[in-house]
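Here are two versions of the same chain, shown separately as structure tokens and labelled structure 1 and structure 2.
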Structure 1
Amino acid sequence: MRKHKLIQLLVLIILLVPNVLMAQAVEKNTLSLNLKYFNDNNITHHLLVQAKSKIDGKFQTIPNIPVQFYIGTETDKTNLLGNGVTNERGEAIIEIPATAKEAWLKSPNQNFVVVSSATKKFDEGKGDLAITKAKLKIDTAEGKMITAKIVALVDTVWKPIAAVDVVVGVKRLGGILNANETQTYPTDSATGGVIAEFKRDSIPGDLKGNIVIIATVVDNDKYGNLSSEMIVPWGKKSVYMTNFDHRTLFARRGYSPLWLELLAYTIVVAVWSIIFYLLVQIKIIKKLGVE
């Protein structure tokens, strides 16, 4: 009896030991949060965070991570801008709300922080970003020239900024088509501006020939992402082409080609006329039989 109990205890230990060992073996991955700032047309500002982690020796984007965005520091909970959850690309976006205006106006430089709490698979994560407030302005000059100018806030004055790479182009099919062969223009030290010649004359615009030109600064270490857009009538006028109301073989009901209708209805009328003629003949035969 005692021997049996001993065996039972031994089996129990053998079954439990691997579970205990496995429970200790679970290792969490480190989460990296990469924060970016965007100034959209000098009207709205938004933050984007991308969550990544090194899994199996490769950096992979991590979806479904809850994150909190802060302006200034995360220690003061009143600095909270909002919450988000990373999407399938590992990204979460938040527009800087109007409630953050006071914190935003405090200084020409601004810090942003993003934090995520620890989950079953990942440790807690934190990312921060320091930017200097800047504006990018787009305009046009005679002879289809596009001008763009960057100014940054120094103390309380907006001053031109030199040596920042600006992309100048046309918004097209979800991307940016360069205004000419030059990929980027560095701003000059005197005006903080760039000039690009527009060489995309044949580009299709809307019905009036309007297109959207854009100047953008991409991932600048100091100023973040800036963009400015403008509508100009430099495109080729689009003519709305449709054969929806045309008579074609592939059109909808009632829009078959006339030749087909003529042919089909002629055949149908001809054959059914014969049938009706023969029905009349039956009537005549009947009449002959009654007489």
Structure 2
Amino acid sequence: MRKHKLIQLLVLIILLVPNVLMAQAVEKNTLSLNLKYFNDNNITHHLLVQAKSKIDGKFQTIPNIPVQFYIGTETDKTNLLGNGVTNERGEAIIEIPATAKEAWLKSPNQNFVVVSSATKKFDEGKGDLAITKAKLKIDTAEGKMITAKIVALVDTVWKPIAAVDVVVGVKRLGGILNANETQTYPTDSATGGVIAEFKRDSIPGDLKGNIVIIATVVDNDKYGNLSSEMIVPWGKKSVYMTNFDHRTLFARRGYSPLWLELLAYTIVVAVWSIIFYLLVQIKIIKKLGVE
């Protein structure tokens, strides 16, 4: 009787284990796609998506996820803007092509969609973003003042927009350096503009002292990310200096400081002199032993 029950238990385990393993194999994580829109200097437009998933209780960026970008709805394949694959930061970028011009001009409001196909580890994902067409323009005024203005398309008319935070500064390699102590400026209701005083007089520019001033709107819920740039001669003229053919501590081979070369060669000569001296002494000792 006990043997019969043991056999039944073994059969039940054999039947259940594949089902458990199969359930574990098909279990997938949910993928979140965060879509952003960028208007670059009122010339080019691009979309950026970041793929994330909650793994072990924390949201992590997910690389190597194939994604497709659409304008309008994803059900109409003619609305496809292009494809991409997320990089090591979980991001994929696509520039809105000229072929989307007709769909872009249909309405002052646009809807973008990004979708991803199911993979072995993740389910299908989808993200969408609705924006209103807007432009950000930058200019200068007397006394090194920077002006920026936002207009949005309302029906068929471009109108100034109030209460939008604008960052005004100087474009640098590491990002944007604010024009002064103020971090952001809200646009006024009359002109949709802001005015910022430039207080970075000692900032280095190119050979002619040119720098790039920039105004940006970051992650606005309605208008997305806007930027506008302008070159002005407000920087400090910088002359490129090189030590390529001079003797310095970090120079190329053959141009190290003389004192460093002398020290190195002295050490080499001293070490080999000691080795040679020891070899001579060993030879003398052997000769004395033979005698």
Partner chain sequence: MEKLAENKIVEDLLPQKFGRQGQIWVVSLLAVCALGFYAYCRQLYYGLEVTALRDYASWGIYISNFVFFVAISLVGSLITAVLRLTDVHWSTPLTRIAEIIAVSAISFAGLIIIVDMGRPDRFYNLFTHGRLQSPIIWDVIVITTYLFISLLLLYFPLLPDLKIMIAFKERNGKWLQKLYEFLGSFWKNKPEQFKITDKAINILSITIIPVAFAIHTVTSWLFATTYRPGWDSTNFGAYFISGAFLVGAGGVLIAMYVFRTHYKLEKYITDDHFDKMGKVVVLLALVYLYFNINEFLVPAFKMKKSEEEHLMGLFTGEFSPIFWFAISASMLIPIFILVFKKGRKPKWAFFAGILVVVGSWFKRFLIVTPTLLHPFLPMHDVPKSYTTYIPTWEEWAIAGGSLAGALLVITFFARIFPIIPIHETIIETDSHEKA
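Whichever C-alpha set is largest while still superposing within 1.5 Å between the two forms counts as the rigid core. Residue positions are counted from 1 along structure 1's sequence. Here the structure is a predicted model, which means the values were calculated and not measured.
K.L.:
Quick one: identify the form predicted together with its partner chain, either 1 or 2.
P.N.:
Looking at both, the form predicted together with its partner chain is number 1.
K.L.:
Per best superposition fit, same rigid part for Gly254 and Val115 between structure 1 and structure 2?
P.N.:
Per C-alpha fit, Gly254 does not go with Val115.
K.L.:
Could you tell me the angle, in degrees, through which the smaller rigid part rotates relative to the larger one between structure 1 and structure 2?
P.N.:
It comes to 43 degrees of rotation for the smaller part.
K.L.:
What is the C-alpha shift for His246 between structure 1 and structure 2, rigid core superposed, to one decimal in Å?
P.N.:
Displacement of the alpha carbon, after core fit: 4.4 Å.
K.L.:
Give the rigid core superposed Cα shift of Tyr277 between structure 1 and structure 2, in Å, rounded to one decimal.
P.N.:
Reported C-alpha shift between structure 1 and structure 2: 31.1 Å at Tyr277.
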